[in-house]
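First, one chain by itself in structure tokens, the form predicted alone.
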């Protein structure tokens, strides 16, 4: 079987694959500045789901054009939009306008993240949208579930970006979520290979969320110098910053992150001192120029699985091949299989073979 064949047939049927109408339980979460039409369409065409990050496009006309471009690239297959809900109410005024545009363009799959989506759910539901909300703690997921989201994504402390304040690992998050969530859920945080996909499904999740693992995809527009840095990044090459502001962020361990860490270690509480290092446009500049030492660049531990710059479809195929092997290994661990192997060995020994 080749890559096209494994991409073309479902290996797993879950509530998440049915919710989004996708072949594979793989979600490419929104990546600020990076999740555009080309990348999201590649994820959709490979059989998963992707989410264009709305805030990447502050000009609403450009945002609309990006949605139309994605629809063309997917040849009409559904795709998603990520809406980040800020803790600063004044920054959320634009969300209603984003919702107007995506509803008019027929987008029906939404990934919300950040604060609770409760205030926006009525409008999204009225537009016929299915909403998956990303959280970093089970208790936040339960609140969103009560508010009426269709699905949840929960991430562990291994994730790039915001791992929350409790620093609970992905394995623990998945097992706890399976016991408490009533709606389907996806699991993220440090996930970048097929063995982890099977493990997540085994825990009770219905899909996985990929982030940092995908930043080396050919369809990600970032400079190749940045992608080469990701390829060099191991599981221990990220760091946590901004915990002193209760806004913990896992990012690449670069010059900007170390400068922020030094300010925090010194007890600096004036946010203006941090701003030159943490403003979001610095990250966009780093992706554009390849100067990965500038900006607080989201980087999860799954970067350790990035082995080459290659298309999304090839990354998906690699994950699915590994998932097939992991699934088959489970079959070989069944007691019946073990008994059959023992019988075969005994039969061979009796016949004089080894």
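Numbering follows the first chain given and starts at 1. What you see is a predicted model; the values in this text were computed from it and never measured.
We do not show the form predicted in complex with a small molecule, though everything after this point is about it.
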(Q) If the criterion is a non-hydrogen atom within 4.5 angstroms, does every one of 50, 107 and 133 touch the small molecule in the model of the complex? (A) no
Q. Can you check whether residue 63 is within 4.5 Å of the small molecule in the model of the complex, heavy atom basis?
A. no
**Q.** Heavy atom of residue 113 within 4.5 Å of the small molecule in the model of the complex
**A.** yes
Q: Using a 4.5 Å heavy atom cut-off, state whether residue 211 contacts the small molecule in the model of the complex.
A: yes
Q) Quick one: is residue 29 in contact with the small molecule in the model of the complex, heavy atoms, 4.5 Å cut-off? A) yes
Q.
Based on heavy atom distances of 4.5 Å or less, which listed stretch (136-144, 91-99, 72-80, 150-158) is in contact with the small molecule in the model of the complex?
A. 150-158
Q: Check each of 34, 67, 317, 41 and return the one that places a heavy atom within 4.5 angstroms of the small molecule in the model of the complex.
A: 34
Q: Note which of 84, 181, 120, 274 lies within 4.5 Å of the small molecule in the model of the complex, where distance is taken over heavy atoms; exactly one does.
A: 84
